[in-house]
Every structure is written in C-alpha cells, then in structure tokens.
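One chain is shown next in structure tokens, namely the form predicted alone.
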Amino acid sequence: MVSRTVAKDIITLRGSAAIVSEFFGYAANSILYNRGVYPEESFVKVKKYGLPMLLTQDDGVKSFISNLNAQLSEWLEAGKLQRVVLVIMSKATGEVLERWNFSIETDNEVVEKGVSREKSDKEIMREIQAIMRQIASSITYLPCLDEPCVFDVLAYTDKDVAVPFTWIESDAKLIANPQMVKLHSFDTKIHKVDTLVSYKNDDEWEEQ
C-alpha cells in the first residue's frame, strides 16, 4: 500500500504579520523606483516573489523602511493596524501628488484566541506577484512625475495605540478630487490587504 504525506501551509499571526510587513517594504521600494522618487542608479536588483525587484541603496531610506517594517509588524501582530499610505509629494511645494493606499482587514479571532489559518505560500506569493507587477507597470496608468519629489508614510491604527516617539500625529495628506486606480489584493487568511492608488488629476478638459 502506497501512503502519501500531504503538507499543509499553516499561517500563524506572527507569520502573517511578517509576510505583510515584508510586502510593504518591497512595495515601497518598488514605488520609489518606478515613480522616479530616487535615481535609478541608487537601486540594486534582487529576486523576490519570483520576480526581479529593486531595493534602494540609500542608507537613509533603507533605515527608514527597516524601522517601518519592524513597527508595522508589531501593530499587525496586535491586530491594531488598519491602513498604511505611502504619500508622494512635490519637494518644492509639499503638494500631495500620489497616495498609495494599503487597507488591512484582520481576522480578530486569530488575534484574540491565538488560532492559526491555512493557505499555501505559493498562493500568497501569486497574489503578491500580481500587485508587484501592477506597481512596476504604473508608468502606463499614472501621470509622469516631472518634478523632484519626496515621500512619507502614514499609518492608521486603532485609537488605543500609543504613538511611538519616532512617529508624529499627521493630517491625512489628501488629494482634492483625485483619480483612483484599484489594484489587486492579497490575503494570508489572517490579514487581507487591499491596494488603491489615488493621484492628482491634472486633466482640466471637461466632457461636453
């Protein structure tokens, strides 16, 4: 008699938090590269999610993203993170040009009772791949950023979360009458991440 062993991919709260926070780090790098916020030569190519990905070599940005990932992971594990927004602004005026919005739904039963969920790593990777491909092709659906830009990251948390000393309270940095493009989502079965990019609409033509 031939027996067969079937392996299940068990997702824990800590494992899911690690997957999602790591995703944010790579997504942020990809956005900064593809939107031209930092020069092309300041990035190096690595392989991740079965795709060629770009990572910044700028020490300040690397440190910022590393610290960001650690804090997001902590909030994700506590079930306290609702949304992360990467904002691209004009360096000269501070005007908000783009908002990359990542909304997070958390399975509260996992947070409260410590249970785990099942989903294959391959399936999660395929879902993340689809988002990364959309970010990489953003030049085809977003207006050109033809001025020097800077970026910031906003985190929306539950109100009972103490603000770490390295973070400050901020306004929402909204765009008036933005255009929006909904991107793919991914789901670890514990955290679901929906992605949306909104951008300044410079088209002043009106339909007749």
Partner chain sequence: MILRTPPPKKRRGEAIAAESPPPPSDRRLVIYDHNPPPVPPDSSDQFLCTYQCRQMVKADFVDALTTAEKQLHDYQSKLEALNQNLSKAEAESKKFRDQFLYTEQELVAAKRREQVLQEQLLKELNDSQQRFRKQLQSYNELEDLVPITRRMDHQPTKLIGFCMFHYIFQLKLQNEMNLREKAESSAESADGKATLLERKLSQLSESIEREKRHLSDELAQTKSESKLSISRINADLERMKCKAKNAEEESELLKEQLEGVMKQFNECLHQKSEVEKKLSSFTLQDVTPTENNPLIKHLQEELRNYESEVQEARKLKSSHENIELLKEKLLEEKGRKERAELQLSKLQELQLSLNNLENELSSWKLMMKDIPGVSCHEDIPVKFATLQKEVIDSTMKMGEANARLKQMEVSLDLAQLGKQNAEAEAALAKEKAEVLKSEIKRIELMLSMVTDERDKFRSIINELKKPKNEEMTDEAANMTIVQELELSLVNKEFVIKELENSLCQQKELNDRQHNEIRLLNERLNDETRRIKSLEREGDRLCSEISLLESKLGHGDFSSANTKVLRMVNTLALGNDAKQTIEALQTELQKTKERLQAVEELKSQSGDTGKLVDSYISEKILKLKEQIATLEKREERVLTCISLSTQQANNYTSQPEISRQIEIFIRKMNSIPAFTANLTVESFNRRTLS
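Positions refer to the first chain, counted from 1. As the structure is a computational prediction, the values presented were derived from the model and not from experiment.
If you look for the form predicted together with its partner chain, you will not find it shown, but the lines that follow are about it.
No residue of the trio I19, F24 and S30 has any heavy atom within 4.5 Å of its partner chain in the model of the complex.
Shown alone here, K45 lies farther than 4.5 Å from its partner chain in the model of the complex, counting heavy atoms only. Heavy atoms of A78 never reach within 4.5 Å of its partner chain in the model of the complex, leaving it off the interface. Using a 4.5 angstroms threshold between heavy atoms, A155 counts as touching its partner chain in the model of the complex. In the model of the complex, its partner chain stays beyond 4.5 Å of every heavy atom belonging to S116. The partner is not shown here, but in the model of the complex the stretch 124-146 reaches within 4.5 angstroms of its partner chain through a heavy atom at T140, Y141.
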